[in-house]
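What follows is a single chain, given as structure tokens, in the form predicted on its own.
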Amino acid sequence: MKDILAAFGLNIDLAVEAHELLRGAADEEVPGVIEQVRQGEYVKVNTIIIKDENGAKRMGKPVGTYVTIESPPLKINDPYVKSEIIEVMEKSMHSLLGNRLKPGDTVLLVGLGNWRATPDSLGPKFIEYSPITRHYHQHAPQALVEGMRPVCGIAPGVLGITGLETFEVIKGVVENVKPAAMVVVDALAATNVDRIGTTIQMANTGIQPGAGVGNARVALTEEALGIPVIAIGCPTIVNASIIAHEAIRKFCLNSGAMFNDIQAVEATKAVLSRFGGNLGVTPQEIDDIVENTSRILAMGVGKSLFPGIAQEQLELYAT
């Protein structure tokens, strides 16, 4: 796997996948990294804590906490599964933010991605279904449920559409609105097709838009913006090179042929050369996956920002 990732310049978006790859190769625990696993009724929660720079260097990810919520029925839109995921997200948000968010503080929601491309529209869809209340505080406070904080949202689009770097847009909003914290949602790339539409990652380390598909932009982090940044994502694509490489490996294993990693990489390169290796694969039902997941993410974040307020009430404030 490492060879194919290096050959095509791919990053691993999911900390749980980076940890599995690293630990599998070494067959031992990763120094500077702690893993905690909890199994719920429908959901498996994997928490990876990168404690120091040694662990960060080995994992290829910043120091911080990464919570991965895995649930194969996630894409089925089961109400019981949805309820448990929202509950886990609510608790995880409080854990990732600690005591840094006070009642009444303004929160900025950011939906990254291209609303014209379905696999990349998770972020904009998240904003569409999120409770937005900041303007009510300014113009119609009587329309708010008691205890609602000011929340605002933006889907800044992508450079190819707007001509603006995402960081430039977000930095300007942060400087003018002065939120106490920011929640960023983006579509991710996975190294396993089984994770598409079944996995949610939450982290307190910020995010680098486009990193998973080799088109990294300026990172949105606390160091760069001056406020806590919670990054949330769900895999919607897998690079075609990973699928092709895995197919070759399985064919060799099942047929008794000798598997040569270098030759497999070269064969994959030859087939995908016309695309420069940057070919993403997404399932046929991706529109349903994005629609369902964006609603779950919106309510998971919403319940954490508006504790004690019913989901039915929060949905009334969606854009």
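Quick note: we count residues from 1 along the sequence shown, nothing fancier. These numbers were taken from a predicted model, which means no experiment stands behind them.
The form predicted together with a further copy of the same chain exists for this protein as well; it is not shown, and the discussion that follows is about that form.
Remark: Gly40 does not count among the residues lining a further copy of the same chain in the predicted bound form, judged by a heavy atom distance of 4.5 Å or less.
Although the partner is absent from this view, Lys102 stays clear of a further copy of the same chain in the predicted bound form, with no non-hydrogen atom inside 4.5 angstroms. Within 4.5 Å of some heavy atom of a further copy of the same chain in the predicted bound form lies at least one heavy atom of Pro283. Contact between Val88 and a further copy of the same chain in the predicted bound form is not found at the 4.5 Å heavy atom cutoff.
For the candidate set Ala181, Ile132, Leu96, Met148, a heavy atom within 4.5 Å of a further copy of the same chain in the predicted bound form is found for exactly one residue, namely Ile132. Only one of 88 to 96, 137 to 145, 200 to 208, 226 to 234 lies within 4.5 Å of a further copy of the same chain in the predicted bound form by heavy atoms, and it is 137 to 145. Residues are counted as partner-facing when one of their heavy atoms sits within 4.5 Å of a further copy of the same chain in the predicted bound form; in 236 to 272 these are Ala240, Ile243, Ala244, Glu246, Ala247, Ile248, Lys250, Phe251, Cys252, Asn254, Ser255, Ala257, Met258, Phe259, Asn260, Gln263, Ala264, Ala267, Thr268, Ala270, Val271, Leu272, in sequence order.
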